[in-house]
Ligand code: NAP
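Only one chain comes next, encoded as structure tokens, the form predicted alone.
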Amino acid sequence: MTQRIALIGKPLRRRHSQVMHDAAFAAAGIDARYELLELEADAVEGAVNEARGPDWLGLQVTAPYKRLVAGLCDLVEADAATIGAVNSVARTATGDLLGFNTDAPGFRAAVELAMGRPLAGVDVVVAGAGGAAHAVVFACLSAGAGRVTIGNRTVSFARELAKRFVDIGAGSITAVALRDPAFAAALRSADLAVNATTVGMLESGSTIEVEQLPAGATVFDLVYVPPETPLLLAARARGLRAANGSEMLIQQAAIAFERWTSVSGMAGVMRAAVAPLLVDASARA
């Protein structure tokens, strides 16, 4: 019996996840396939219930359904509940659905690779306060970051995010407006600056003034299409360490794959499989 995984979301513009997981299934000799399910909101519950069947390994979830699916799972892991988003679901041996989050550990693995050091003690500035920023801030604080400053156009959203994670880790957390002088001041002492918005992908421009950053800082842009955003181009021009979100995409996928199959070490297979799509901004599902 061919096992199934499906990505639920709307719209589903890219097939990167499908390519990575199908390559990993082939490399591991597992009879399974990864599907793309672009659904209207009223069809999500039915799709989730279908995934309780014996031919399913689980699901992945993207915008705008991460919170909706969390409420449809039988169990949700503590980290995912704290973050407020489920992006992966595993079917248990009893047919229950367990929701979890691979964005936070995927980000941590990718950003520590980009920095060449652990997040412990790092001074972090994050632009954005949406779902992606929740995973980023949680990952930084739980990994022992010394200070996290969240900047957002609507400062109330940044404050809500900061309040949500105030008890995570021992580091401090501050919320400011992107245009607030306090955001620029935080950049001047940052070890890591993260863009967790769609600026650079859906909007032109940049959320972070790289000229404010110290010479030893790392810039991490969660955007991976296009592969070089204005933020990354500016960071590289300054000689800063800089990385896009492609490695986070790969790492979170490898984590989910291991949870479904108990097969580890597939990041390299996935990286090779998705590489052509990562250099082709027109790649679509």
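Each residue number is its position in the shown sequence, starting from 1. Just so it is clear, the structure is predicted and the values come from calculations on it, not from any experiment.
We do not show the form predicted together with this ligand, though everything after this point is about it.
I'd like to check something about residue 149: if you look in the predicted bound form, is any of its heavy atoms closer than or equal to 4.5 Å to a heavy atom of this ligand? Taking the distances in the predicted bound form, the answer for residue 149 is no, it never comes within 4.5 Å of this ligand.
Does at least one non-hydrogen atom of residue 154 fall within 4.5 angstroms of this ligand in the predicted bound form? Contact with this ligand, yes.
Touches this ligand in the predicted bound form: residue 59 (any heavy atom, 4.5 Å): Taking the distances in the predicted bound form, the answer for residue 59 is no, it never comes within 4.5 Å of this ligand.
Contact flag, residue 131 vs this ligand in the predicted bound form, heavy atom cut 4.5 Å: Residue-level check for residue 131: yes, a contact with this ligand.
Quick one: in the predicted bound form, does every one of 190, 218 and 237 get a heavy atom within 4.5 Å of this ligand? None of them does, since no heavy atom lies within 4.5 Å of the partner.
If you check 76, 178, 90, 72 against this ligand in the predicted bound form, which one has a heavy atom within 4.5 Å? Filtering the options by heavy-atom distance leaves 178.
Single option in 255, 32, 44, 223 placed near this ligand in the predicted bound form, where near means a heavy atom within 4.5 Å: After the contact test, the surviving option is 223.
Heavy atoms within 4.5 Å of this ligand in the predicted bound form: which of the stretches 51-59, 256-264, 36-44, 243-251 has them? The contacting stretch is 243-251.
Judged by heavy atom distances of 4.5 Å or less, which residues of 89-107 approach this ligand in the predicted bound form? If the 4.5 Å heavy-atom criterion is applied to this ligand in the predicted bound form, 89-107 yields only 103.
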